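Quick heads-up: it's one chain on its own, the form predicted on its own, in structure tokens.
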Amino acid sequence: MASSILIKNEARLGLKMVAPAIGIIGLLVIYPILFNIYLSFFDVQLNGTKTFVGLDNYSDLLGNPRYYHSIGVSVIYLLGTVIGTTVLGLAAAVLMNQEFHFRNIARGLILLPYFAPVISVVFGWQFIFDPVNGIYNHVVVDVLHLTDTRENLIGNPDSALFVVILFDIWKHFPIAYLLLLAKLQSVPKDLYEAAAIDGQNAWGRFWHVTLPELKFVIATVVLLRIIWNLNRFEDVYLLAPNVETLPIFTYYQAFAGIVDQGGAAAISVIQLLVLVGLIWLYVRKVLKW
């Protein structure tokens, strides 16, 4: 009897302790999601008036060519950034797992792009690709003489997409590097020694020992990068606002030109469903909960 009372008291105490966190999550996360779903069924005017339109926002969205264009841009962006960050992070992790002088300094320097303020590095990249004074055009045109024309790579939406992909790979590969390096350091040395005794060269040891050991972490990195980059806004918008990924297209729908906040809410709801599916895949297939 006393033990059951004690368990109930502990349960009440636990509920009281997590209540503030639950309240904050509900206020900052759950309420905006529910309100956004609510708005997706209305025609929202700038003066705040709302007219119920049912599924019209969704049907208009599915008939909007810009929406499909933004999906195509987002797919290219996701493929480029996810593959790029994973491969570069894996290469850096394998390299930094080797013994060499000043390794700890090199490990720290690799993290700088990830921790640098995004607005600062964006200005740096814009200067690099500036068509008049940029380093890229100076090297390509004046030094290597590969072409006579200076290109505005960021000003052209087609080439700007690839600049944004390169920027994202450079900016965010350190997180993949950290996760993969942490796992690499836990791989027993005996496995590499046994593989070497079996006649495996460096590539064979990487293929038959390193990759199988990193399979779980690589899957985690890939899924997390897809989830994060599907929502990526500030990096893309600050560097090249003419690259219309889904978050940029949603922003333009809600706040620029002919404002359509109901349509923007519909985009967000569809994107939310995709993210929920990806999170479910991550939890079930990777975490195996």
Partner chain sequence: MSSVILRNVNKSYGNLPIVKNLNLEVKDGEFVVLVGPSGCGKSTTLRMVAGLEDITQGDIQIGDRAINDLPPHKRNIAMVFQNYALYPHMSVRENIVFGLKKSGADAQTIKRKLADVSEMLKLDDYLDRKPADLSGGQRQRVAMGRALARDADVYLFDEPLSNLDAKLRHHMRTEIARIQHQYNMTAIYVTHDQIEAMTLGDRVVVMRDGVVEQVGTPMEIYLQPTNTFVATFIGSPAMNLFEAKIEGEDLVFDKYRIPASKIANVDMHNLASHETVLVGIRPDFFEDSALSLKRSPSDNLFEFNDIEVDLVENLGFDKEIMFKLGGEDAKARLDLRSHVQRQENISLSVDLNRVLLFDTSPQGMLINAGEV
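Only a predicted model underlies this, so the values are computations on that prediction, with no experimental measurement involved. Residue numbers count along the first chain shown, from 1.
The next section is about a form of this same protein that is not shown, the form predicted together with the partner chain.
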Might R205 be said to contact the partner chain in the predicted bound form, defining contact as any heavy atom within 4.5 Å? yes
Answer for D158 alone: is it within 4.5 Å of the partner chain in the predicted bound form, judged on heavy atom distances? no
Does at least one non-hydrogen atom of G199 fall within 4.5 angstroms of the partner chain in the predicted bound form? yes
Give a yes or no for D142: in the predicted bound form, does one of its heavy atoms lie within 4.5 Å of a heavy atom belonging to the partner chain? no
Proximity to the partner chain in the predicted bound form (heavy atom, within 4.5 Å), stretch among 100-108, 120-128, 87-95, 189-197: 189-197
